[in-house]
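Taking the form predicted on its own, here's one chain by itself in structure tokens.
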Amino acid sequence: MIGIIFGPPGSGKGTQAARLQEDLGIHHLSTGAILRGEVARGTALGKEVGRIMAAGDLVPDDLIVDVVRARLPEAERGVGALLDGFPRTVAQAQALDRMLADEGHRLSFIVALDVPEEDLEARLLHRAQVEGRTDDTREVIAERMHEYHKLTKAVLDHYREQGVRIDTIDGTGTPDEVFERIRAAVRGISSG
């Protein structure tokens, strides 16, 4: 089972993906966490993407595809993988399709979190204070939302055209309430 947890910045993808990993045993592959780890370690990749992320821009397709290509085989072991933060462009989605096809897999489902934009900004500013995330400033948030609307939403259209199951989940409420909605949708996929 290969899935994507999808949504704009601040929609709760990482929080909910971690809970799904624990609940279903599905491997959570977060490109954002991987890239932030590379930045923190000061690796060559981290230095390259650090300035890009600080500006709120998307990491170039070729770099992020290489990161996912290196980690996807390990993530697919067991129950499957849940991608968080990838793909963010149609080119990335096409690269993922090729990676999965090469291994005899295809995307099983997408969970798309829907949260009003004003709630997203409040969540991101709060996260910046709590977690010390330097990539969560008003300016960077505005740029990330712009990038999301300009590029990332087209990924959903790409997968709709392929007939991939997409469950749009209300991402408002407590994390527990949102998780119950997601879990019901994903359990319906895995049993169906």
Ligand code: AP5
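Residue indices: 1-based, along the sequence shown. Not measured: the values here are computed from a predicted model.
Just so you know, the form predicted together with BIS(adenosine)-5'-pentaphosphate (AP5) exists too; it's not on screen, but the next bit is about it.
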Using a 4.5 Å heavy atom cut-off, state whether residue 46 contacts BIS(adenosine)-5'-pentaphosphate (AP5) in the model of the complex. no
Is residue 15 close enough to touch BIS(adenosine)-5'-pentaphosphate (AP5) in the model of the complex, meaning at least one heavy atom pair within 4.5 Å? yes
Since only the chain is shown here, I'm wondering whether residue 53 would be in contact with BIS(adenosine)-5'-pentaphosphate (AP5) in the model of the complex (any heavy atom pair within 4.5 Å). yes
Closest heavy atom of residue 57 to BIS(adenosine)-5'-pentaphosphate (AP5) in the model of the complex, within 4.5 Å or not? yes
Counting non-hydrogen atoms within 4.5 angstroms of BIS(adenosine)-5'-pentaphosphate (AP5) in the model of the complex, say which of 156, 26, 164, 35 makes the cut. 35
Contacts with BIS(adenosine)-5'-pentaphosphate (AP5) in the model of the complex, stretch 105 to 142 (heavy atom within 4.5 Å): 123, 124, 127, 133, 135
